[in-house]
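The data below hold one chain only, encoded as C-alpha cells and taken in the form predicted on its own.
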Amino acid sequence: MSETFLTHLECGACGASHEAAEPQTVCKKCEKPLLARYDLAAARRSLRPDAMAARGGGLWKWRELLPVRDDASVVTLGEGSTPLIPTRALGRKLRLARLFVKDEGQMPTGSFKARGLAVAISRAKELGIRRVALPSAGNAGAAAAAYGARAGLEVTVFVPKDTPVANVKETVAAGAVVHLVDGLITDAGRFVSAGVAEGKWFSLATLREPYRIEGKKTMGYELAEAFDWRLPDVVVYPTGGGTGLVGMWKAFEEMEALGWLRAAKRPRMISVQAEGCAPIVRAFDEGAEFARPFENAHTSASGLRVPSAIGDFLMLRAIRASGGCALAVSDEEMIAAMGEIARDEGLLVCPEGAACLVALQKLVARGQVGADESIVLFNTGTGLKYLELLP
C-alpha cells in the first residue's frame, strides 16, 4: 500500500461528510457534488514542493494528494505534465509580455479529460467497480474508453449524435459501447441515470462521482510548479461541466494549506462559454448562485454545449472569489481564432481552447488585464479532432 492523505469526502454545498472507502456518487443529504478531503496538516509535515518537483513528470507525481491508496490500482497512459508554452507572437499582438498556453491537447487521449478519467477509473478499479458509464460530448468518453480498456473495466458511453466523428471512432476503437443520442449531453445523462437505477453500471458523469475532479486539479499543481510556486495572475478557461476550473481552485486551496505557495494571491478565474450555450455567463451577470438551464443550447464547440451543470455553484463561487468574470464568444470568433493561433504559434487547438483567445482579446479591449500580468490560456484538446471546422 502507498500513502495517500485522503481522509473522507465532503459535500461542496452542505458540508456533510461521507465515507471514502466505499463507492460514492453525490451527497446523500442534498445531492450536490462530493469533494475529496485530505489530511493536509500531516501532508505539510512530510511533503515539500522541491521534492515533488524532483520526481519528474506525470500526473501521479502528486500521488499522496490523489485518492488512490494502492499502487496496483493506478491506471496510467503517461498523462500529466503538459507544456506551458510562451505565445510570443500573440503576446506582441495583444501587447502582453507574459502570455502562455497550457496545452492539454498533448495528453494521451488528446484532451484534458485524460486527467480526470485516469484518476476516476483507477479509483473505480480499486473500489471493485467493474462496469461504468458516462454521458460525454466526445473527449471524456474517449478517455474513459482508453483508461477503462487498460483497467479491464466495461465502459458504456452516451453521446449526442452530432459528436465529432473522431471522438466516436476513438471511443469505439478502445472497446467501449457507444450509444448516439438524439439531443444534448443532458439528454445523454438521463440514459446513464436510468442504467444506474437498474443496476447496470456506476456513473462517471461529471461531478456525479468525486474523483474526476481530483485528476483535473493537477492542472493547478502544474501551474504553481511552472511559475516557481507562485500562481499566474489570470487563468482563462473554457467552461462546460466546469470540473477543471473547480479542480484548479481546489488545488490552489490545498497548496495554500500545504504552505507551498510563495505568494497567497490566487489567479483571477475567467470562465469562457459559447454564446449559444452560456448558463454560467448568464448566472454570473445576474448575480445568481445557481445557473438556470440554457434554452436551445447550440455551439460547434461540443465541449461547451452543456446547458446545465451540477457544479454550477462551485464554478460561480470560484469565479467571484477570485475577482474574475465569465464571458461568451461566438462560434465564428472561436473558429477564426483556431486559425489565428495555428498561424501565429503553430498550435492546432480545439475550438474550446480558441475561445479563450477570443475572450482574452475582449478583456484586453476593455482594459481588464495588465500588460505585465502573467496570463494562461487553457487549450483543453487537440484541434486534430475538429478538422471539419477548419476551412
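All residue numbers are counted from 1 along the displayed sequence. None of the values given here were measured: they were computed from a predicted structure.
We do not show the form predicted in complex with another copy of the chain, though everything after this point is about it.
Lys200 falls outside the set of residues with a heavy atom inside 4.5 Å of another copy of the chain in the predicted bound form.
Looking at Leu347, you'd find a heavy atom of it within 4.5 angstroms of another copy of the chain in the predicted bound form. Taking non-hydrogen atoms only, Asp312 never approaches another copy of the chain to within 4.5 angstroms in the predicted bound form. Among heavy atoms of Thr382, some come within 4.5 Å of another copy of the chain in the predicted bound form.
Think of it this way: in the predicted bound form, another copy of the chain has a heavy atom of just one of Ala283, Leu223, Ile129, Ala174 within 4.5 Å, and the residue is Ala174. Contact annotation: of the candidates Ala97, Ala166, Ala288, Val196, the single residue with a non-hydrogen atom within 4.5 angstroms of another copy of the chain in the predicted bound form is Ala166. With the partner omitted here, the stretch from 267-275, 300-308, 203-211, 106-114 that lies within 4.5 Å of another copy of the chain by heavy atoms in the predicted bound form is 106-114. Contact with another copy of the chain in the predicted bound form, defined as a heavy atom within 4.5 Å, is made by none of Gly15, Glu31 and Met52. Taking a 4.5 Å heavy atom cutoff to another copy of the chain in the predicted bound form, the contacting residues in 64-85 are Thr76, Leu77, Gly78, Pro83, Ile85.
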